[in-house]
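Only one chain comes next, encoded as structure tokens, the form predicted on its own.
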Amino acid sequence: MKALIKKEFSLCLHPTAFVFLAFAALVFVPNYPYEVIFFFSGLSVFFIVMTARENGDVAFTCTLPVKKSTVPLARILVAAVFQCALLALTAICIVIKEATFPEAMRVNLAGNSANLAFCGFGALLLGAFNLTFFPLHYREPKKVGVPFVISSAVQFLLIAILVAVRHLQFYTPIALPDPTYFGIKLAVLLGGLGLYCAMTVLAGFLSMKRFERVDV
């Protein structure tokens, strides 16, 4: 597995995997749907997988002395590294924003404010992408566009729901800037991270099972 992960970093990474990490800074933009930040993480995965497909990476990897089922797992782990990095950078930007912006400028009228709960929602969006994209892709490794369109549709549906409920009265405590209602937001964060881990693990399990049945 270590060798496969090293191969992913050495031969398969696309520059957008690093460029889109900088999009965490979008939390500084006033009244912006910050949830879109996490869509770009999926877009970077799409570029990585598409580039690997064009370079015949699957056939090459399967000629190596590795277990076939570990091939998709290595790529999912690499994607998870960049997703966790994006969550961490987003959290850092949120802390900086809370320390430097007045409270009136930290309220987001276009969606969720950049707060603790928002990071939990971001983890949920990333997990939903993993659970949708990777099992679909590794069922037919030559197909990249259709799995990405479906996974993006799932993400934007969730984003639309999160933006819509932001305007409901019961949701107000979660939408406010930190540190108000800290306990509720912490629960949302932990719940989102838990769902991310569960969905990513399930995505890995399904991808491994499906890829084993593929005739490379």
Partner chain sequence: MTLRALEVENLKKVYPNFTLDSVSFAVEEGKIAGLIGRNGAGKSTTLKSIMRLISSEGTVKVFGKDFSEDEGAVKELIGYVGGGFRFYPNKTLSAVAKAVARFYPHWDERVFQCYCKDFALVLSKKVRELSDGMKIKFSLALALSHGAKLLLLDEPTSGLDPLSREDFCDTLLTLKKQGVTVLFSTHITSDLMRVADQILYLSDGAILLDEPLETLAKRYRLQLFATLSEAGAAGAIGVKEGKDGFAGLITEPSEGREATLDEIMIHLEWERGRQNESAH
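Positions refer to the first chain, counted from 1. It should be emphasised that the depicted structure is a prediction, and the values quoted were computed from it without experimental measurement.
Just so you know, the form predicted together with its partner chain exists too; it's not on screen, but the next bit is about it.
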With the partner removed from view, which of 24 to 32, 66 to 74, 148 to 156, 180 to 188 is the stretch that lies within 4.5 Å of its partner chain in the predicted bound form, judged by heavy atom distances?
66 to 74
Site test, Leu4, Lys7 and Asp57 vs its partner chain in the predicted bound form, non-hydrogen atom cutoff 4.5 Å:
yes
Answer yes if any heavy atom of Thr61 is within 4.5 Å of a heavy atom of its partner chain in the predicted bound form; otherwise answer no.
yes
Distance check, Leu11 to its partner chain in the predicted bound form, heavy atom within 4.5 Å:
yes
